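Before any questions on how it binds or moves, here is one chain, the form predicted on its own, in structure tokens.
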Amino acid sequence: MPRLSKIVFLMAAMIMALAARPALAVVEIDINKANVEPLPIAITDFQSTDDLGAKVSSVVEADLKRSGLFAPVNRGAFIEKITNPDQTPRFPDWTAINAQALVTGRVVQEADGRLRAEYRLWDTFANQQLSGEQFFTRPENWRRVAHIIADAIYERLTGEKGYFDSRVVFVSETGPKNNRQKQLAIMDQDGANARMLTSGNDIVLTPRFSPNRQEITYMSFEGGQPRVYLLQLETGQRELVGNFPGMTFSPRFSPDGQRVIMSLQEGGNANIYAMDLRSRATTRLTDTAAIDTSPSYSPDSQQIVFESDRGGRQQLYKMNADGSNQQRISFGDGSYSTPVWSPRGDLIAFTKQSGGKFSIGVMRPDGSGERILTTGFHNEGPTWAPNGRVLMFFRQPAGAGGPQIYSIDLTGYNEQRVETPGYASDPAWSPLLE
């Protein structure tokens, strides 16, 4: 397995000399509204002696556009040509084309070989700079610098953390439908830099990211039975958690990354257990003559959501982290599965099967406010962006072909396919990189 070297950024954040008081800014996005009108933003080519500046600004633009909150202005409409990002732009030239925000920047190769990337964010109507930062890194990490800049702009204009400097682990599928080779793979959140993590000699399923480190659990059928592994992405080190006959989903981490929670089958029943990763001690949390599975912790570790057929068909339930106070929270038509608690704690995502179709939806932790975001022939496996504003899932089309990964935001209006080298399923989103 290839070793993943830690990407170390020496980040020198500086609010530059022309930065004005944020309280005076008129440009902001209220992302809590039901329908958000995308903000017109002009993103200029960053100045550089080669094409790297334009490549960095193009990634920034693509990130912001893909969020659905920003509408980049066509560069052919630009009136002013930015040649010196240190100078104050001619604001009337930008308001004339309805650019409410403006991004300028440069990319410079330092004498020691490092790359220096910097940006400035301007409010064109208030005639002021909102923020400016610079970052130092190795030249091969230019895409990550672009994601970090996009996150900084997103946060400054929405008031919430971005999600662009993150990765997604998934199952890459190749070959005919009745004989698929399934490998563990990883990519940037925009689909770039995809690479394989396992050889494909054994089937792998349902990878799960740790919420606070670059570590995953996944299930592999080595030796013909399900085994759960921990994989450290920074070092490539793999550790066997255990052999679990009858397991169908990999464990999920607790918010502190010290425990995993899983469903283990005994006879015709399946119950939920928590395991301490240091001692390997397990604690049984449910004890029913039913199938309890797909558990997921709340971000404060106090509660667990799971699916169970104890009422006759799959529905969502929640309980305290010690297994007490088990109660049903889903009551709509159809069957509910694969619940995942948002990192914000305000919503639970799920898969719903009804009328021969599969939907991805969200509800509040008490079961109220259910909303369907997207419906298709076979949608499954939602996973949350680190800021809790976007979901990824996979869709299996009817007929020929294989599964593909899609993203959708909480409005349900911004659905997009995430490009992968081949068929792809079971996405799991990482926390923000450090």
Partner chain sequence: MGRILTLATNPAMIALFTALAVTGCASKKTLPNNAGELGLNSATPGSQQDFTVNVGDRIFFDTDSSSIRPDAAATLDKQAQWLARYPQYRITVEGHADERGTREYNLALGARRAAAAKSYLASKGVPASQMQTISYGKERPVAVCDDISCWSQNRRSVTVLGGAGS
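All values derive from a computational prediction rather than experimental measurement. Residue numbers count along the first chain shown, from 1.
Absent from the display: the form predicted together with the partner chain. The rest refers to it.
Although the partner is absent here, D93 is not a contact residue: none of its heavy atoms lies within 4.5 angstroms of the partner chain in the predicted complex. In the predicted complex, the partner chain stays beyond 4.5 Å of every heavy atom belonging to R213. For the chain shown alone, P226 is a contact residue for the partner chain in the predicted complex, at least one non-hydrogen atom being within 4.5 angstroms. Residue contact check for H147: none of its heavy atoms lie within 4.5 Å of the partner chain in the predicted complex. Contact annotation for the candidate site: D188, Q232 and S430 all lie away from the partner chain in the predicted complex (no heavy atom within 4.5 Å).
Partner contacts here mean any heavy atom within 4.5 Å of the partner chain in the predicted complex, and among 198-206, 123-131, 152-160, 104-112 they occur only in 198-206. Contact with the partner chain in the predicted complex, judged by any heavy atom within 4.5 Å, is made by just one of S342, S254, T338, T137: T338. None of A194, A321, I291, I97 but one reaches within 4.5 angstroms of the partner chain in the predicted complex through a heavy atom, and that residue is I291. Along 348-371, a non-hydrogen atom within 4.5 Å of the partner chain in the predicted complex is carried by T351, Q353, G356, F358, in order along the sequence.
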